[in-house]
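Heads up, the chain below is alone and in the form predicted on its own; it's given as C-alpha cells.
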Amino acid sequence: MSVWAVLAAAGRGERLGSDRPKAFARLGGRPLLAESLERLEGSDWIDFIVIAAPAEWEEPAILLAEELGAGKVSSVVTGGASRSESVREAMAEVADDAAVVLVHDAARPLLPDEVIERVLAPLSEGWDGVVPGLPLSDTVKRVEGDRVVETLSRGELAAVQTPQAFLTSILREALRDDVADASDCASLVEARGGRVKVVEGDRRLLKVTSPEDLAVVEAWLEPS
C-alpha cells in the first residue's frame, strides 16, 4: 500500500516581509522548505513526495531536493492561486494506484514522525480522512463586524493542523469541486459527507506566518 505525500509550498507569504516566497525564507540557514521535506524523506511511512512550488521557483525546489538527497520526490509542480488549487495540481502527479495521500504545509516545518503515524493509522478503520488537532485555550466568540453574536463552546472546537491524511480516491473526488475558498482539504471531504477523524496534534507544528513565528521555530530547532 503506497503512501504519497503532497507538500504544499506555493504560498507567497507576504506577512513575512521577505523578498522570496515563504517556502524559501531562511530557517536555520537554509530554506524553510528543507525542514519538512527532509522529515518526509526520512519517514518510513512515506513512499513518494510531490512538491507544489511557487511559480518560477520550481527549479530551486528541484535543486533543494537533490541537495538533500530526497530521492522520494517524484515531481515538482507549479502551485495554483490557492492552497487547495496547489494540492489539486500536485494530485495530478500522484499515481493512480496510490492508496493514501498525506497533505502537509511547508509552512509547518517541524513535522514529528509520530504525527504522521497518528493520521495514517485510522484510515484502515473506515475513516475517509484524518486531521491532527489541538484543544483551544482561549474563549472563542462568533462576531459580526464589532458585535459579539455568540460565545462558542471550546469543548466542541479544535485548532486543526497538517499533515492531513486521506484515502486517495476520496481526496481526488473532493478536489473536483470548487476549491478556491477551501481552508483545508478536510473541509472539501466533509462537504461531500466524508467521515473525518481528529487525532492529537502537536504544538511544534506551528504555522509560520510572521517573522515572530519564524523566530520561534528557529529557536525550537536550536539544540538545548
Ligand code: CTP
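Just so you know, these numbers come straight off a predicted model, no measurement behind them. So that there is no doubt, residue numbering starts at 1 and follows the sequence shown.
We do not show the form predicted together with ligand CTP, though everything after this point is about it.
S.K.: Among the candidate residues Val143, Val140, Ala81, Ala92, which is the single one with a non-hydrogen atom no more than 4.5 Å from ligand CTP in the predicted complex?
M.R.: By the 4.5 Å heavy-atom cutoff, the listed residue in contact is Ala81.
S.K.: Have a look at Leu111, Val101, Val119, Ala106 for me and say which one sits with a heavy atom within 4.5 Å of ligand CTP in the predicted complex.
M.R.: Among Leu111, Val101, Val119, Ala106, a heavy atom within 4.5 Å of ligand CTP in the predicted complex occurs only for Ala106.
S.K.: Based on heavy atom distances of at most 4.5 Å to ligand CTP in the predicted complex, which listed stretch, 122-130, 82-90, 144-152, 67-75, is the contact stretch?
M.R.: Going by heavy atoms within 4.5 Å, the stretch is 82-90.
S.K.: Under a 4.5 Å heavy atom criterion, is Gly201 part of the interface with ligand CTP in the predicted complex?
M.R.: The answer is no: Gly201 has no heavy atom within 4.5 Å of ligand CTP.
S.K.: Taking the shortest heavy atom distance, is Glu212 within 4.5 Å of ligand CTP in the predicted complex?
M.R.: No - in the predicted complex, heavy atoms of Glu212 and ligand CTP never come within 4.5 Å of each other.
S.K.: Determine whether any heavy atom of Ala5 comes within 4.5 Å of a heavy atom of ligand CTP in the predicted complex, and answer yes or no.
M.R.: Because no heavy atom of Ala5 falls inside 4.5 Å of ligand CTP in the predicted complex, the answer is no.
S.K.: Give, in sequence order, every residue of 32-51 that has a heavy atom within 4.5 Å of ligand CTP in the predicted complex, or say none if there are no such residues.
M.R.: None of them.
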